[in-house]
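First, one chain by itself: the form predicted on its own, in structure tokens.
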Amino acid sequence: MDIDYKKEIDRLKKDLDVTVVAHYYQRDEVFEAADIVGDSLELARRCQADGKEWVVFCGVGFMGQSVKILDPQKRVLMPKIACCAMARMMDGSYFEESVQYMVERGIKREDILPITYINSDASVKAKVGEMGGLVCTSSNAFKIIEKGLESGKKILFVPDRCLGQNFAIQMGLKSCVIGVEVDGKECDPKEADIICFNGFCSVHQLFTVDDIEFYREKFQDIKIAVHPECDPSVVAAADFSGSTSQLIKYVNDLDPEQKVAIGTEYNLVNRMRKGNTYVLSSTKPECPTMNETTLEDLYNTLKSIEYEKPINEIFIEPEVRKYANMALERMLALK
């Protein structure tokens, strides 16, 4: 007997004390089944304000962790505990190696202020929080870095090198990437304001300056809008760079006749303004981990609550949660 997943999901949401949330990058059928949609931090904060006992989070692992960090009383389940490839590039040991890299090159540990992109594991957020650092998002990174620089310390930015480099350029600061040589010379953290870990988003690395030139040649006066997880050369060649929410606003504010090519995840672009909107890539830029979650997975997760045998529940060690929450709360305290 075939199951009508959409109908059953609607029934289960009515019967259970649960809120279903989905990130913008989720596939359409999952996105449409959610009660709350948004980008990562927005979802965590809205879940915190929601009165339901259960949260079923359709996204990647660090997002479910963020809900649990901000509100440890919530029961957070994930249909798939998919791992963001960028977040997976850094763990607590790699963080310590990055700090040691700076120490060995003449920067005292107490003179380092770490900032982690929200796209990071709870263990990394905890390391950052323990050192007095902060979390940032792609929409508030400028403000967070600007505040961090007031300390007079060197900024260690993890795990996304592109985000760190792009905001350094925007702010007129010097940056370097750990382990990357420029003109045959290794990065010298003493000469940089922002020292970046060599992590990246594989999806946003698909967009190139060649793609931008292709669209500019094909359509006169086309606008190019990209996410700051793209390479700095791509951001420099674009008309606009912004977070997921900022990209949505930028595109929605354009004249309907204005052509625009967008450099971010396919599912989001595909749901944007129909007509005169293009994906800035010759290949389909889908996030493989975001696309792991299916309607069947969502249905099975809701059924596990109904059966009182919850699956894929997010748990965080108290000590990790304590310091990770410090890093998040320091960010949230900056209005």
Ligand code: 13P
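Don't overthink the numbering: it's just position in the shown sequence, from 1. Just so it is clear, the model here is predicted, and its values are computed rather than measured.
Unshown form predicted in complex with 1,3-dihydroxyacetonephosphate (13P); subsequent notes refer to it.
- Only one segment in the set 116-124, 178-186, 71-79, 93-101 has any non-hydrogen atom within 4.5 angstroms of 1,3-dihydroxyacetonephosphate (13P) in the predicted complex, and it is 116-124.
- Within 4.5 Å of any heavy atom of 1,3-dihydroxyacetonephosphate (13P) in the predicted complex lies no heavy atom of Tyr323.
- Although the partner is absent here, Lys154 is not a contact residue: none of its heavy atoms lies within 4.5 angstroms of 1,3-dihydroxyacetonephosphate (13P) in the predicted complex.
- None of the heavy atoms of Asn166 is located within 4.5 Å of 1,3-dihydroxyacetonephosphate (13P) in the predicted complex.
- Although the partner is absent from this view, Arg161 stays clear of 1,3-dihydroxyacetonephosphate (13P) in the predicted complex, with no non-hydrogen atom inside 4.5 angstroms.
- Contacts of stretch 238-254 with 1,3-dihydroxyacetonephosphate (13P) in the predicted complex, defined by any heavy atom lying within 4.5 Å, are made by Ser243, Thr244, listed in sequence order.
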